[in-house]
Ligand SMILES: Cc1cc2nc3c(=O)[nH]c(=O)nc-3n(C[C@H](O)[C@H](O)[C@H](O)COP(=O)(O)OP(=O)(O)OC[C@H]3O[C@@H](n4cnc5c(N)ncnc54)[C@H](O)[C@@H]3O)c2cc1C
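Consider the single chain below, provided in structure tokens and representing the form predicted alone.
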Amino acid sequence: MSKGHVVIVGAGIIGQAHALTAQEAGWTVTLLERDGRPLGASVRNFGTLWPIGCTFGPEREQALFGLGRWQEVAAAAGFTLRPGGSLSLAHRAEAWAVLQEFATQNRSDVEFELLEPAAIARRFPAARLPGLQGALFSPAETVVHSPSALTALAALLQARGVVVHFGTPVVKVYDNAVETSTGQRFSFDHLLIAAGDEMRLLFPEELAAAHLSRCRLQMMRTVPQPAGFDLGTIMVSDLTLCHYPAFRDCPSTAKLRARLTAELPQHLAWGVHVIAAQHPDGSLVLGDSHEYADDFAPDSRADVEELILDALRQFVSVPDLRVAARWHGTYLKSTVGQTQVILQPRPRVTMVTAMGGLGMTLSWGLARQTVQSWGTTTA
């Protein structure tokens, strides 16, 4: 017997993770997505599962739980994950100090490796050696091709009995039902809204009070690299250490940020930190920048793209940097440093947003928490 009816708005990774988790827990689930397929932030990212960016404690545990769930779901849905870890390269003394502090602060349960340049050259020949101080290798990070994975996951949901309606925008929320643009209503015992940037159309006042900002990122994908080129891992550099909350409390992070501000002011002004992730077809997904505003110009900026490529050239050697595709992604981000913003604007209505760029990593653990909070009987 079903515990009740859950309606989920949004078929990105947050929505789909909640849909599968609720179905497995015994709820009847309906998933409503405004577009004909997932097209939001969940398919406009690097496709990286990124525990190293999560703060130690509950958030990292949530990330590692999510990694395990991704492995289970990939096997069930028939898509491929590409494990390989990540390599954080330090070309400044301050960045090397951050990595050493990060690796040695009472974290014996984590298999981080601090590598000297000679070891880096042997294991990861694509890394640029001039000026290299050292690097930190973390084995947990994983690449997933987001567009195909989200499509396969949606098919799995349907095979498991979740009712999925694509091309179905939700325009109004009542106390116990939602209404779509065609006037159709879906009743619920619990409602989960994970509609990304579009959530501001449903509960604008609640979102306005939640200290959120719209954020646009600029990304690109290269042509497939020549046969035989293998990046070997996901690579990042000094700029990334100032971006993710996991490094925030390292004593040398402030010194690194001060040096980067002096040396790379335009990169920091545009929120550029560079990740390079290679996908199975040999292409590299590269990015990104972070622009904050209420509205954005429609064009893609060539100068910001060059900032990204300039930063990339400083830490990795790529044979072919011809760009095959460019895109923007827009999402909501907390202005007070939260990586998961959870709002309950009405009884039995939960909104999830502002995952701090870690939605692919944290969504499964968040779904577990949300579904458990609903208990065992209909509210």
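Numbers follow the displayed sequence, beginning with 1. Everything quoted here is computed from the prediction, not taken from an experiment.
Just so you know, the form predicted in complex with the named molecule exists too; it's not on screen, but the next bit is about it.
Novice: Go through 93-101, 164-172, 111-119, 298-306 and give me the stretch that gets within 4.5 Å of the named molecule in the model of the complex, heavy atoms only.
Specialist: In short, 164-172.
Novice: Quick one: from E61, D35, D310, D320, grab the residue that has a heavy atom within 4.5 Å of the named molecule in the model of the complex.
Specialist: None of the others qualify; the residue that does is D35.
Novice: With the partner absent here, would T21, W364 and A367 each sit within 4.5 Å of the named molecule in the model of the complex, counting heavy atoms only?
Specialist: None of them does, since no heavy atom lies within 4.5 Å of the partner.
Novice: Using the partner position in the model of the complex, report whether G53 sits within 4.5 Å of the named molecule, counting heavy atoms only.
Specialist: No, G53 stays farther than 4.5 Å from the named molecule in the model of the complex.
Novice: Is M219 close enough to the named molecule in the model of the complex to count, meaning some heavy atom within 4.5 Å?
Specialist: Taking the distances in the model of the complex, the answer for M219 is yes, it comes within 4.5 Å of the named molecule.
Novice: Is G329 near the named molecule? Define near as a heavy atom within 4.5 Å, in the model of the complex.
Specialist: It does: once the named molecule is placed as it appears in the model of the complex, G329 has a heavy atom within 4.5 Å of it.
Novice: Residue-level contact is defined here as any heavy atom of the residue lying within 4.5 Å of the named molecule in the model of the complex; does L201 satisfy this criterion?
Specialist: L201: yes, in contact with the named molecule in the model of the complex.
Novice: Does any residue in 183-200 get within 4.5 Å of the named molecule in the model of the complex, counting heavy atoms only, and if so which ones?
Specialist: The stretch 183-200, when checked against the named molecule in the model of the complex, contributes A194, A195, G196, E198 at the 4.5 Å heavy-atom cut-off.
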